[in-house]
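Before any questions on binding or motion, here is one chain by itself as structure tokens, the form predicted alone.
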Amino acid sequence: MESPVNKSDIHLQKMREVKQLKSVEDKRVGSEVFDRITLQTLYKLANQGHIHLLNGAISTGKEANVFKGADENDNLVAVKIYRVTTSDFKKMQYYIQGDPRFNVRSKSKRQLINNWVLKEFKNLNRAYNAGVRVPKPIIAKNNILVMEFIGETDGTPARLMRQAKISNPDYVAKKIIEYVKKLYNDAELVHGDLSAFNILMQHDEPVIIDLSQGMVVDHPLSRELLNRDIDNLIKDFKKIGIEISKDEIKRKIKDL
């Protein structure tokens, strides 16, 4: 049941989430998602009007859960909550070190996650402003990122590209390459983990998600990550009947 997000209601929502989890392991995960600092952050976001309703999970992962919610004006939003206890800190440090936008000296895991969330927010913002179809970022606070909900107006989330039925493969492939080009040339970012697992399909329109590991193009690792993204896309395009070479994608991205 949908309920306004305030102190008591978030506690009730947390209890509902935990009660719905069946196994001991799932109960542990529920507690990890809604820890004390996360609840306090949700209260602050609720007071600011960014979250009025908080509903069930859209997706769950080792590091973060994405929930469907609504703001004070009943606009649907996606609420991504990173977990401190299970996040891959070595991976985060690998992707965040050397980024000139961040100078992470603290050894605090929570501080690293907060910077990771801010990094995803900044990457989404740069991509969005460059014309790449990504969820519009709304606000990042501590371990929580609030962004545009991608899906139907009735609240049905968009499906991942790997799960969706693609009716126009040629268009989808061209659009994804166009977005990678804009990401590289205009936003000056490389996604770093681009594949059919990180692309949503909304009415045959691809939407790129999960830009937390994205790196600026002048980062020493950016070329390696771009090549990895292209290799992944070649495999995914082949699955939908599109054959394209690595050199051809590179030429399109870099206007060679």
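Note that residue numbering follows the sequence shown and begins at 1. Computed from a predicted model, the values in this text were never measured in an experiment.
Same protein, other form: the form predicted in complex with a small molecule, not shown, and the subject of what follows.
**Student:** Give a yes or no for residue 119: in the predicted bound form, does one of its heavy atoms lie within 4.5 Å of a heavy atom belonging to the small molecule?
**Tutor:** Because no heavy atom of residue 119 falls inside 4.5 Å of the small molecule in the predicted bound form, the answer is no.
**Student:** With a 4.5 Å heavy atom cut-off, would you call residue 139 a contact of the small molecule in the predicted bound form?
**Tutor:** Because no heavy atom of residue 139 falls inside 4.5 Å of the small molecule in the predicted bound form, the answer is no.
**Student:** At 4.5 Å between heavy atoms, is residue 78 in contact with the small molecule in the predicted bound form?
**Tutor:** Taking the distances in the predicted bound form, the answer for residue 78 is yes, it comes within 4.5 Å of the small molecule.
**Student:** Do residue 56 and the small molecule share at least one heavy atom pair within 4.5 Å in the predicted bound form?
**Tutor:** Contact check for residue 56: no, nothing within 4.5 Å of the small molecule in the predicted bound form.
**Student:** Given that the partner is absent here, state which listed stretch (47 to 55, 220 to 228, 33 to 41, 194 to 202) has heavy atoms within 4.5 Å of the small molecule in the predicted bound form.
**Tutor:** So the stretch in question is 194 to 202.
**Student:** Between 166, 84, 147, 92, only one gets a heavy atom within 4.5 angstroms of the small molecule in the predicted bound form; which residue is that?
**Tutor:** Selected residue: 147.
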